[in-house]
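Just the one chain here, laid out as structure tokens, in the form predicted on its own.
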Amino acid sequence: MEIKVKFFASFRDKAGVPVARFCAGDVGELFKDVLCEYEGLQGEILDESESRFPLKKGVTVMVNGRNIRFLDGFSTKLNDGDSVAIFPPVGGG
């Protein structure tokens, strides 16, 4: 099963690639693999002090255009061909 992961803005810079491909059954498993593969993203996406929903404030993760906050979070199941987009916090005014 192949999942396409798209990195945006500063996450793209830290990963060093705009798109990567992984095999994972759910979002939690995918993040373990992504953070092992791209060490520059460690400490940027997950809030280690938060156990229920460990995304850092402002980080957005979309599965096929739907925010995982409105799905099953890190338990959201992934299927072959799914696309996961990871966006850093947006600031400005």
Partner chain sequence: MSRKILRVDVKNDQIDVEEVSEDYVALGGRGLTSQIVFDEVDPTCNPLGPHNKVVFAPGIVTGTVAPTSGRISVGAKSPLTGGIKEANAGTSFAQKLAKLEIKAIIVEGGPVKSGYKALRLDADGAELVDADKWSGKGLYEVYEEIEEEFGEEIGIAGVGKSAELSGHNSGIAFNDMEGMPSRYAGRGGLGAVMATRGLKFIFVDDEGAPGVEIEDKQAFDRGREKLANALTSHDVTKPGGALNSYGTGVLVNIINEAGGLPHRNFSRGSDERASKVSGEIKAKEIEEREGKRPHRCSPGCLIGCSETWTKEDGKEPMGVIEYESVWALGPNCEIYDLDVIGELNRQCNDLGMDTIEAGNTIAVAMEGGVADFGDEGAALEMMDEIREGTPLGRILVNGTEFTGNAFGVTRIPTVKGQAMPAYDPRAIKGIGTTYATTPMGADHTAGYAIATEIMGVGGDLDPLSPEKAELSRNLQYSTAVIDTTGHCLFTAFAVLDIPEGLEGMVEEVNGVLGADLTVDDIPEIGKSVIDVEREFNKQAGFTKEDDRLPEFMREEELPPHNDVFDVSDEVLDEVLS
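Numbering follows the first chain given and starts at 1. All of these numbers come straight from a predicted model, not from anything done at the bench.
Not on display, but discussed next: the form predicted in complex with the partner chain.
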**Prompt:** Can Asn64 be called a contact residue for the partner chain in the model of the complex at 4.5 Å between heavy atoms?
**Reply:** yes
**Message:** Can you work out whether Lys77 and the partner chain are in contact in the model of the complex, taking contact to mean some heavy atom pair no more than 4.5 Å apart?
**Reply:** no
**Prompt:** Might Val17 be said to contact the partner chain in the model of the complex, defining contact as any heavy atom within 4.5 Å?
**Reply:** no
**Asked** Any of the heavy atoms of Ala9 lying within 4.5 Å of the partner chain in the model of the complex?
**Response** yes
